[in-house]
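There is one chain below, alone, in structure tokens, taken in the form predicted on its own.
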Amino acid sequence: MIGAVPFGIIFGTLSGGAGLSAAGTIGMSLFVFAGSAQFIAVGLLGSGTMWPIIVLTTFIVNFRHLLYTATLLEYLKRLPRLWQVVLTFGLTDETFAVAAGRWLQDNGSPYKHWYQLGSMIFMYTNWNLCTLVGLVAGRMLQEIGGWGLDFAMVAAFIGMVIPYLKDKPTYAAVFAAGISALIFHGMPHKLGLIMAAVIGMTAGVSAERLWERH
């Protein structure tokens, strides 16, 4: 939540400069609720990009959520459909990080979906309040984008990755994905992130199979 605070404020501040109305800014945080996708969409809106390209680009950026649902599918498929819809909507990077750890605990607790819901509610409330703060204080914080506060989100992602570095295949996946993300950073529509994810997964699976053989 702390990492998302400056990110949400920056989004609320910059969205007005991109030509998005106050209602549009609030609506995007309420109904889209995806920080990276919202930033990209605002940037494309500001450059006059046609809406089909904006939809396609944000879809590609959020493609990583398929990996999240693949991890949690074994647990979420047992829940009623309403629970599945609600938890899917709120499956942000941060919520996945804490919820996955909770689901993977072998303690027989029947209330783990409530734990994920709690994380979702806190993140959702936090994100929308910060968007509102950035929107209201936009005139006073015009230069906030250059303050370097966005590093808080980078630090949050680092914190999410570190606990999973427990074996050589995981290290291989993270290293391959990180190097690939740097190499393919200049690709349009954030395709480099998708390539980095695929390369990271391939490296991890290959390393795991090689490790098992030895």
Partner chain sequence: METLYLVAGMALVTFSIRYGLLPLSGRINISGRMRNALRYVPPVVLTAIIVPAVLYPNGQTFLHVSFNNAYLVGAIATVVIGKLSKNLLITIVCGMACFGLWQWILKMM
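Just so we're on the same page, rigid core means the largest C-alpha set that superposes within 1.5 Å between forms. Numbering follows the first chain given and starts at 1. Small disclaimer: the values here were computed from a predicted structure and weren't measured.
What comes next is about the form predicted in complex with its partner chain, which is not displayed.
Contact annotation: G46 falls outside 4.5 Å of its partner chain in the model of the complex, judged by heavy atom distances. Within this chain, L76 lines the site of its partner chain in the model of the complex, having a heavy atom no more than 4.5 Å away.
In the model of the complex, at least one heavy atom of G24 sits within 4.5 Å of a heavy atom of its partner chain.
Using a 4.5 Å cutoff between non-hydrogen atoms, A18 does not count as a contact of its partner chain in the model of the complex. Not one of A100, Y115 and L129 comes within 4.5 Å of its partner chain in the model of the complex, counting any heavy atom. Contacts to its partner chain in the model of the complex (heavy atom within 4.5 Å) from stretch 62-80: N62, F63, R64, H65, L66, L67, T69, A70, T71, L73, L76, K77.
The two forms, fitted on the rigid core, differ between this form and the one not shown by less than 2 Å at the CA of L14. Fitting the two forms on the rigid core leaves the C-alpha of A70 displaced by under 2 angstroms between this form and the one not shown. With the core superposed, M160 shows a C-alpha displacement of at least 2 Å between this form and the one not shown. Annotation for the pair A197/T57: C-alpha atoms approach each other in the model of the complex, by 3 Å or more compared with this form. Cα-Cα spacing of P169 to A70 is enlarged in the model of the complex versus the present form (difference of at least 3 Å).
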